[in-house]
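Next up: just one chain, as structure tokens, the form predicted on its own.
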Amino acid sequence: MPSVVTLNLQDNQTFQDWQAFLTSLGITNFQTNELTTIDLTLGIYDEAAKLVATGSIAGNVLKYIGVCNKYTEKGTYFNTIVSELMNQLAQQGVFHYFVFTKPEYAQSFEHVGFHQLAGTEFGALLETGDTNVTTYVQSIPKIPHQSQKTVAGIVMNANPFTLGHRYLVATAAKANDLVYVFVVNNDVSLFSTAERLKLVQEGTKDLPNVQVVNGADYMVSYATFPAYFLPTPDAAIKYQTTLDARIFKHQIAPGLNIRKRYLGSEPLSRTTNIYNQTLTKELPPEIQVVVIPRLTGSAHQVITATQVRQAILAGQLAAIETSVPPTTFTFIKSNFKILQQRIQKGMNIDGN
């Protein structure tokens, strides 16, 4: 059995050897936003102290998995690396795993129990573990005779929930029997996942046909879409948005009878604009894409969550009240100092 060791990528020589090895296997994306999410990297060396296999963990995502093609033990190396990465996560109490890989390597992961969620010509996303996308869809509340109802979906970060978000949800609610609002599940925003979920629930509780649910690992998550949270070239964004759109179309929507997806127009964020374009291309004809013009305030400016976060940074509480529902404003007012402290400690308020 080959010995697995931890690689310290902070060591320059180790990093260079690791990067050169992966590059020789055709893995070439070493952007800062990809590297900074890595929690652990493992490797296997041969008798000549040459790296012959490696793999990394970022959250519950396995990435940068590469095995030298020259060795007859390739299958053993692959199984050993993947098993040890999963074992490391299991020791942390994590039993649900994703992997990004090249399309030609997807079958290797399927042989060790992974199931493909979506793929493009550039890559595939697979999962395995004690839960999966099917159990996630089954856990979402449904209404009687849902298969005969008009059902729509909205995905939002809501960081925080603004009047713009509220307008989008209310517009969809008027036109459908049921609207699912999937709240992005990642604690990399100024407002935590729990806070954002609660704000959306409170801000829409007067709309009886709206169901607010956690997006889990399947809606604009680090597993499906790290580009949403970190700057990255357009090509990577298009690849990740395509994966995200195909997961929604083929894995989420059918079990809930979602036939429409509502989007807010995006005049400001380049990443979200590319995402909207991808959804418009990928979802039809099974799912109709409905783009709603963004709500503007009294000064004819588009209401955005970014402006609200900037007002929190500037200490301009009064400027926030006209951009958010009363429930959101009450929360911000009660937690104003805490939110400012999060920003002071380095929480990024730019982006989406």
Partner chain sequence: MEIKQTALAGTLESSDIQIMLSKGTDGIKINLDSEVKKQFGAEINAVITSVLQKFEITNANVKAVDKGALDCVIKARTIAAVQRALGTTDKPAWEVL
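Just so we're clear, the structure is a prediction, and the values are computed from it rather than from any experiment. Residue numbers count along the first chain shown, from 1.
Missing here is the form predicted in complex with its partner chain; even so, the following discussion is about that form.
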| item | value |
| --- | --- |
| The single option of Thr120, Asn79, Gln251, Gln146 touching its partner chain in the predicted bound form, heavy atom within 4.5 Å | Asn79 |
| Single option in Gln92, Gln277, Thr134, Ser83 placed near its partner chain in the predicted bound form, where near means a heavy atom within 4.5 Å | Ser83 |
| Listed range touching its partner chain, judged in the predicted bound form by heavy atoms within 4.5 Å, from 174-182, 195-203, 126-134, 211-219 | 126-134 |
| Touches its partner chain in the predicted bound form: Pro141 (any heavy atom, 4.5 Å) | no |
| Contact flag, Gly113 vs its partner chain in the predicted bound form, heavy atom cut 4.5 Å | yes |
| Exercise: Phe100 in contact with its partner chain in the predicted bound form, heavy atom 4.5 Å | no |
